[in-house]
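Given next, in structure tokens, is a single chain: the form predicted on its own.
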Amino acid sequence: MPSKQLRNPARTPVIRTSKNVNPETLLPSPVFSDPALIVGAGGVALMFGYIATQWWAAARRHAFESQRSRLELAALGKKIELLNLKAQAAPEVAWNGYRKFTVARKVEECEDTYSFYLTPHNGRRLPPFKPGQYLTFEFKFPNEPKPLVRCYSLSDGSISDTHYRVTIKRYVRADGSPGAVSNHFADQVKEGDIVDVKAPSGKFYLDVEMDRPVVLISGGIGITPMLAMARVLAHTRDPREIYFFFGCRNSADHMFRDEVIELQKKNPNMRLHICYSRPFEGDAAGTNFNHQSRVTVDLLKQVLPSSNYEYYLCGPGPFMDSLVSGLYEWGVPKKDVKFEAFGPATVSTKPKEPAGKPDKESQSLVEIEFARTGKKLMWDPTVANLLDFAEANGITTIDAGCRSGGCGSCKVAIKDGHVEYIGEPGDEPEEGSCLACICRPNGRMVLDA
């Protein structure tokens, strides 16, 4: 009998599969069959995932920081470029001393009155100025022992940085003698000439930062600073209420007529009042002028709804005297009345006399000695200032420019004595000197003049 085959228990078990499956492809999975091993593998996966996430975040952060740095550098470069462009386009700051200017245009505004358009000889841009300020000119004439200095208001507003404009009227003194510099401008200065000019200066100007309503009052050539103020107000579309009064004799003296009317059209807040004191037969009321009269405080009272305005005035001495004193009498505070006189005399508003000062009768006994000319004179208390007093007595050794304490031309050394100021100096003179155009003697004096 064939022997009986015994089962071998140690024999490897046979794996039964379907007919289409190769048993060698079925790998055992002991790792995933143990729960402990499953947890360990998940932790490793999570750790690698966390590391990968952190790496990715760091990479993105690095890329962002790099991009931001590039943008910041680009922005900084653009800012520097813009600053350089602004620096190139920005106007110059005001200069010291005299600067050369070319007369680019000369325009006759009316009889004996001319506007001069001045451009810097070096072609550089000009600094702005405050509307109402003036330029100071110096001329050296062959027959004059020293240069003549004169100041003329800017009449074009601080709108252009390529030119300045001054408007000058031929001046004739009471004795019929011509003013040296104004007549030189009228007769000799022509387009293409070069003149010496100081930077704009002066404390009489419109405060463009304020919003109070203003009254601009001018007579004759005194219109020039008012025109600069009106042009700036129109250019900036200033919303404040503006009254513009201008007085002259007739249409022959009516300078800047078309220009002022155009400004009124641009600025509906400006009310224009033209006064002719001696109109021609052909001068029509309502067309050429509004009032057949001088500019007076009575007229202001008729036109203005109240006295609550800031007043800016400029004109000849007598014109200014009546208006300034009249405004004070109307109750307008002195701080609201700003003025500048044209011509050989300042506005002789009564100076404040400190307590204990001598009265006018005793002041007339004060002796003023002009050391260089050898004259000893008794002070006249009705005269506005030391400069006027000197000129009235034939003393010509004191220069004159703005006559308002701004240009410093009238500075004179005091050898003995003291002065009291009736106006505010533009630049305080050094100790031992005074500005003759805005001061009076405070007792006996000796001047180096």
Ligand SMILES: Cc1cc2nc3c(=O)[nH]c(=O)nc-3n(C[C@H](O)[C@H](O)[C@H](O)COP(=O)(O)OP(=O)(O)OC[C@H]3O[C@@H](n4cnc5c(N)ncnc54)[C@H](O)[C@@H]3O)c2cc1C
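When you see a residue number, it is the position in the sequence shown, counting from 1. None of the values given here were measured: they were computed from a predicted structure.
Missing here is the form predicted together with this ligand; even so, the following discussion is about that form.
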{"item": "is_contact(I368, this ligand) in the predicted bound form, heavy atom dist at most 4.5 Å", "value": "no"}
{"item": "In the predicted bound form, E340 touching this ligand (heavy atom, 4.5 Å)", "value": "yes"}
{"item": "Exercise: M226 in contact with this ligand in the predicted bound form, heavy atom 4.5 Å", "value": "no"}
{"item": "Interface membership of W379, this ligand in the predicted bound form, 4.5 Å heavy atom rule", "value": "no"}
{"item": "Stretch from 263-271, 316-324, 331-339, 216-224 whose residues place a heavy atom within 4.5 Å of this ligand in the predicted bound form", "value": "216-224"}
{"item": "Listed residue that, although this ligand is not shown, lies within 4.5 Å of it in the predicted bound form (heavy atoms), from N250, T296, T373, S182", "value": "S182"}
{"item": "Among the candidates L206, L233, L300, I168, the residue which, in the predicted bound form, approaches this ligand to within 4.5 Å (heavy atoms)", "value": "I168"}
{"item": "Residues of stretch 119-141 in contact with this ligand in the predicted bound form (4.5 Å, non-hydrogen atom)", "value": "Y134"}
